[in-house]
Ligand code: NDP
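One chain follows as structure tokens, the form predicted on its own.
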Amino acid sequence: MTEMTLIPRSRTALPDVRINRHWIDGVWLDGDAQSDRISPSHRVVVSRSALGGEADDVAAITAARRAFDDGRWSRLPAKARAAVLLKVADLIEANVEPMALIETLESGKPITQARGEVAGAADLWRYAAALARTIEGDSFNGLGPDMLATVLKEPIGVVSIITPWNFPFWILSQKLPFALAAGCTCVVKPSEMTPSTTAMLGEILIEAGLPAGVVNIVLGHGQPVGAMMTAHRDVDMVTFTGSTAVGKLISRTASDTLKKVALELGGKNPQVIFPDADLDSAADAVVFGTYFNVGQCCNAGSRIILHEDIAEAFTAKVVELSAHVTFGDPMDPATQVGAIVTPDHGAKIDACVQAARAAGARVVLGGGPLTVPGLGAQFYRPTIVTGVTPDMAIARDEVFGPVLSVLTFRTLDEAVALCNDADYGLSAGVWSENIHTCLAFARQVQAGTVWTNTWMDGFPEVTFGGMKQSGQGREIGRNGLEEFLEIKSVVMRIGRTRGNWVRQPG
């Protein structure tokens, strides 16, 4: 696509290589081995991180267990826990620029996007702080004159938090502050590809006054670090964001100890567009949902389902808008779409597109790697695939790249059936000026989030999570706090009116 907008490498100076270490029981520790992260956009080493092993995991879990059991955090008044979380939020805002810079270089996402995510994460910490002071149970005083019962909500215990590479700081902030608000202690493992903002958060937690051992950070690969965090008997809960395949493995491993598991996994998220929709707004939202974070997003709007009466014209509108999306150097504030996270992932995206072409679909835009002047070819062209049928892999499987699949429908029932004919159920969207159409769709579609006449708007108050193979459990919102709480019933006899069960002689 010769008319697309490319932004070549800018003259922005790159920072020195960042060194990341484990943070266990309040102490920074070097690993026995290290791993370099090469920037997907600039192809230089941007961070060097410790690689953990089972001994590091055991030390971190032991520290978290001790910190929970002795009550240094779990038995603090909620007011005190909230105060620490509010300090963390302030410190995040004070460090947006260095955190955004390293996240851009490690992930390949645009600097403006990284700034927005880091700054926005502070609001998640503030909302979690507010929720900490609202934890409440129930009481039952109608059980009889001599009985009283209460239902308590207590922190579940030690939580393993495993986060992905695509939104490393944002997703950590969807989990960690809510676990801390509940009174839990935690062991955190970020992706080995984007570890730096998690390590930087450790520095912030120290400054905010979090007691040692309450949060522990172990860097490294899923094997062995993540595996031990999932299997260890002293871990009470695992919360994981990543691929559905790994999520299933975590569930199987965690079942040996019957620990709680919360999973936020993949999606194949549809937007259904009716002829009476605001088509200009819908087209803009489709383009955003396709190319945001290079499509490396569980909420990507990776398939649109168009009414046949508008399918051709709407597709042409999306193709035309795609030409105005800026691809290129993530360090340039004008860039909207950056680099693919690894060469292997780029090859996987291209294989999905070529398989669709071989199956009879038409690639009407893009399809193939993209070279950005001064940066190389770890980018992928904006790609739109039409003539897609529901049985094709590209209509059903998560591509996780800047690729849009186009399907068509005639009736609302047919559109809902196409949406629900998938293993995933993370999010869905509907575009229509008829509120009855929107509500009927929202009631019938199998998705954890349904957007109407918008796409990917989110708020700390509004719970997020998926159905079917998109996961289990919920994040953020009040339900996100509840995930980290255990229920305990306390039944009290306050009189001596009941006779003895055992009858004694005489």
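Quick note: we count residues from 1 along the sequence shown, nothing fancier. Because the structure is a prediction, the values reported are computed rather than measured.
Another form, the form predicted together with this ligand, is not on view; read the next lines as being about it.
A.B. asks: Determine which one of 160-168, 313-321, 203-211, 111-119 lies within 4.5 Å of this ligand in the model of the complex, judging by heavy atom distances; exactly one does.
C.D. replies: Going through the listed ranges, the match is 160-168.
A.B. asks: Non-hydrogen atoms within 4.5 angstroms of this ligand in the model of the complex: do 54, 63 and 234 all have one?
C.D. replies: No, because 54, 63 and 234 lack any heavy atom that approaches this ligand to within 4.5 Å in the model of the complex.
A.B. asks: Exactly one residue in 141, 255, 411, 223 has a non-hydrogen atom within 4.5 Å of this ligand in the model of the complex; which is it?
C.D. replies: Flagged contact: 223.
A.B. asks: Find the only residue in 268, 189, 81, 175 having a heavy atom within 4.5 Å of this ligand in the model of the complex.
C.D. replies: Looking at the other structure, the residue within range turns out to be 189.
A.B. asks: Hey, in the model of the complex, does residue 329 get a heavy atom within 4.5 angstroms of this ligand?
C.D. replies: Contact check for residue 329: no, nothing within 4.5 Å of this ligand in the model of the complex.
A.B. asks: Spell out, yes or no, whether the shortest heavy atom distance between residue 249 and this ligand in the model of the complex is within 4.5 Å.
C.D. replies: Close contact exists here: in the model of the complex, residue 249 approaches this ligand to within 4.5 Å, heavy atoms only.
A.B. asks: Given that the partner is absent here, does residue 241 sit within 4.5 Å of this ligand in the model of the complex, heavy atoms only?
C.D. replies: Contact check for residue 241: yes, within 4.5 Å of this ligand in the model of the complex.
A.B. asks: Is there any non-hydrogen atom of residue 294 lying within 4.5 Å of this ligand in the model of the complex?
C.D. replies: Result no; residue 294 lies far from this ligand in the model of the complex.
A.B. asks: Enumerate the residues of 281-305 that have a non-hydrogen atom within 4.5 Å of this ligand in the model of the complex, in sequence order, or give none.
C.D. replies: Contacts from 281-305: just 298.
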